[in-house]
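Let's start with one chain on its own, the form predicted alone, as structure tokens.
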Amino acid sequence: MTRILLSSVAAAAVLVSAQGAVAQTEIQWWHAMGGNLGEVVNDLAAGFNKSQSEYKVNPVYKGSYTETLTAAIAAFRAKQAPHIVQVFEVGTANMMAAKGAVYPVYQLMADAKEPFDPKSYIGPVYGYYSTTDGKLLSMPFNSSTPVLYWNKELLSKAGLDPNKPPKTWPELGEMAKKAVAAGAKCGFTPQWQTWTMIENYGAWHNLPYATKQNGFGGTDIELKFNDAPRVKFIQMLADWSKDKTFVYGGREGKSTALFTAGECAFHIASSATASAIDKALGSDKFGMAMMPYSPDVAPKPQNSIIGGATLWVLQGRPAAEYKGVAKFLNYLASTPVQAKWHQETGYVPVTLAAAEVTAKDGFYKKFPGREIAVEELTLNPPTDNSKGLRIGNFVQIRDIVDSELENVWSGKKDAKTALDDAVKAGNEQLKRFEAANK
């Protein structure tokens, strides 16, 4: 009799557990964060899941940014789209043009009756993913901006002050040359060269990348980054490559390996690279500062623009499930979560409150330089040239620019020819995008 009773209790417990599992609504989140970042993403989802019992977020790694976006498009067409997909910033215009696919965040929050205050977000981050009248289309997530890293040991060996980074490009050139002369294998190498050396160089010096407010004013635009200042700048880097003052380390983030191996004195890279550099070199072996500027182009820097990615909500799921999506996005934007995300990864906190809490907790005193990204983004009120880029077929255009810059580094073309050719080919991509989205 006792065995029967125990069996009945066990069966009932299993039934209740199964019913609870069925009652919990699952939310699919496709992302492109691998390695350590993927572990942090899993922790974020686990934190939300523990905070309530009605919804369960299931984070799924889908590969690179491009692979994740491609997978989401295919899934949407097959009517099997995830609720949320992480899309890098260069895909913004294409996502906006995907009619019927996107559930705008501002509308989602209103429909779900979830609290949402646009003023709580850092301006340049919010503005990048909003309509021209300020309506947020996707939720800012892993936002970053380029900063300058330097190797203190290599500067010391060159007889330079290891705690005094260059403020201008001429200063960086002189210091990089001295570092190479003192034995460094490389003076300076940039990460994500199209983002840092073309796009952010333009914003930092208040130069247009394209017409119509860099694409914010419409899709019928033309590229303008083959201007005299950028031609001169790229040619300068090419000239530096002759004595290893400048070394090209590859596309995207490949060049960081040169810096973390202790070969390069200077590195311009995403603020989100800070954690990886810290683990490789140690916090006392490197410094972080604002990007240098060219005083002959601008008397002082303007502001930087963001990179990274954002979270887009896709249509096609049962209406009731989107309440959970809205709650999860609000959880991600909450001050404790944003502060944790910022401190553990180096990505910019998307809210002002998270930045303030991080400062009050003494994080920036313990890790000097981690505040630089926020300072660059908020250095001055953004202009039409520095609030971001809204470019169609941007992925293809970046590939074109990468190829043309590589032609410069290899000596196949001079800077003017390469940038002129990049603009010409890029404008063809813009025409195709406009024609396809009329």
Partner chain sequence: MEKRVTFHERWLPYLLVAPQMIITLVFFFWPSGQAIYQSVLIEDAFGGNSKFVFLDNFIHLFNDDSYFASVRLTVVFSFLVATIGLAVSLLLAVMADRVIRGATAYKAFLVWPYAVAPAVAGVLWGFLFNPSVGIVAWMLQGIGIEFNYVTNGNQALTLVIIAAVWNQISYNFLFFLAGLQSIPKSLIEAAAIDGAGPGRRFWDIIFPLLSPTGFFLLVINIIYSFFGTFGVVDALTKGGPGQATNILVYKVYNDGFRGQDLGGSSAQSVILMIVVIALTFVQFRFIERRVHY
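This one's a predicted model, so the numbers in the text were calculated from it and none came from an experiment. Residue numbers count along the first chain shown, from 1.
Not pictured, yet referred to below: the form predicted together with its partner chain.
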| property | result |
| --- | --- |
| Contact assignment for its partner chain in the model of the complex, among Lys232, Arg77, Lys212, Lys285, heavy atom within 4.5 Å | Arg77 |
| Sole residue of Met291, Leu160, Ala101, Val297 within 4.5 Å of its partner chain in the model of the complex, by heavy atom | Ala101 |
| 4.5 Å heavy atom contact, Asp227 to its partner chain in the model of the complex | no |
| Proximity of Ser334 to its partner chain in the model of the complex, heavy atoms at 4.5 Å | no |
| Its partner chain contact in the model of the complex: Glu428, any heavy atom under 4.5 Å | yes |
| 4.5 Å heavy atom contact, Asn94 and its partner chain in the model of the complex | yes |
| Triple contact flag Glu263, Ser403 and Ala436 to its partner chain in the model of the complex, non-hydrogen atom at 4.5 angstroms | yes |
| Segment assignment from 244-252, 215-223, 147-155, 116-124: heavy atom within 4.5 Å of its partner chain in the model of the complex | 244-252 |
| Residues in 47-71 close to its partner chain in the model of the complex, defined by a heavy atom within 4.5 Å, in order | Thr66, Leu69, Thr70 |
